[in-house]
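Take a look at this single chain in structure tokens; it is the form predicted alone.
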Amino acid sequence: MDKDIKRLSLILLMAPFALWILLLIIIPHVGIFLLSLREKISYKEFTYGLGNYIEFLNEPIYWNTLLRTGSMSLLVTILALLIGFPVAYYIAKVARKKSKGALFLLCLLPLWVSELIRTFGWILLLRETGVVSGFLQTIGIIDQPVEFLYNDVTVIMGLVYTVMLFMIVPLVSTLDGMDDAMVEAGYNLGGSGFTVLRRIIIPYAMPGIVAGSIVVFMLAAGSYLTPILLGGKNSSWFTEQIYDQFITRYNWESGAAFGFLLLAFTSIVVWLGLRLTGQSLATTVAKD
């Protein structure tokens, strides 16, 4: 009787989550894949094949944009890790318990504002008549207004700012469980600061590093507003190609193919990252 009650309780608890996964993830992705296989013959007449994927391969601008998006997303991930790791270590191991909550709150503040508002904030700062250009003119570094927008550097800055929290949180969670005695033992055995970092801290934090990198990379590769608004016409992002197929050309079949290719590409990159680091989803994202 008790086993039946526990089983029923587990089913009732898991049912909403399973339903959410089914309705919002599995079914939409299956639908996108099937839609991507449709080829238009004439008005309201379709057949199934790989024509949309062949069109992608035959057009260099499409797969070049995908590769460019992937490489820049990797750069965003690396920069977010380099900036976020010291912040996470300070919060987890250096800051006092009373100040940890305040520091986390500072990290959460950007998420209180929508991505659109945050992006327009960057525009106000970096445009030709913006705060940065005006300040540099005031102190005499430049003689005339300078446009800092619409380039890859600005896009990367905006994306790093947007995804930074998703790198810091898993790192803090992992580093918080590290015993301080491990670091002390490293120093007592004659290790330098760099040696302790390389041999003790980083290996222990590797699950958090991989988990944060996966989330940051996926968010950066799938971002739309930040690359479009900050990069303008000078920065091509693959999500713009997907939007163009769906909305501008009203070619839902190609748009679905492009969306599925982006998912497949990012999944392959994540899989390669897990293989290179010797980690798995069970020890990173799903770590207890």
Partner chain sequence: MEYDLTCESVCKKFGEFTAVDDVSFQIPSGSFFSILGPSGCGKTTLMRMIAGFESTTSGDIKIKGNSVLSLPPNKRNVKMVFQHLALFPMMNVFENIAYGLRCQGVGKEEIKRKVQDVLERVSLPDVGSKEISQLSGGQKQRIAIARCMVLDPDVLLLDEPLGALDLKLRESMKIELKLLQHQFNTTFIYITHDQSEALVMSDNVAVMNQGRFEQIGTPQALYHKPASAFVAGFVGDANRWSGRVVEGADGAVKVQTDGGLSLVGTAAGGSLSGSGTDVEIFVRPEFITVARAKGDAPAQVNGQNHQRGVVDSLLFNGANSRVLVRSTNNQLIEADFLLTGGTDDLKPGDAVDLSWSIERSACFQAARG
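Treat the numbers as computed from the prediction; the structure is a model and nothing was measured. Positions refer to the first chain, counted from 1.
Not pictured, yet referred to below: the form predicted in complex with its partner chain.
Comparing 84-92, 155-163, 183-191, 103-111 against its partner chain in the predicted complex, the single stretch with non-hydrogen atoms within 4.5 angstroms of it is 183-191. Using a 4.5 angstroms limit between non-hydrogen atoms, Thr195 touches its partner chain in the predicted complex. Trp122 falls outside the set of residues with a heavy atom inside 4.5 Å of its partner chain in the predicted complex. By the criterion of a heavy atom within 4.5 Å, Ile200 is counted among the residues contacting its partner chain in the predicted complex.
By the criterion of a heavy atom within 4.5 Å, Tyr204 is counted among the residues contacting its partner chain in the predicted complex. Contact residues in stretch 117-132 (any heavy atom within 4.5 Å of its partner chain, taken in the predicted complex) are absent; none meets the cut-off.
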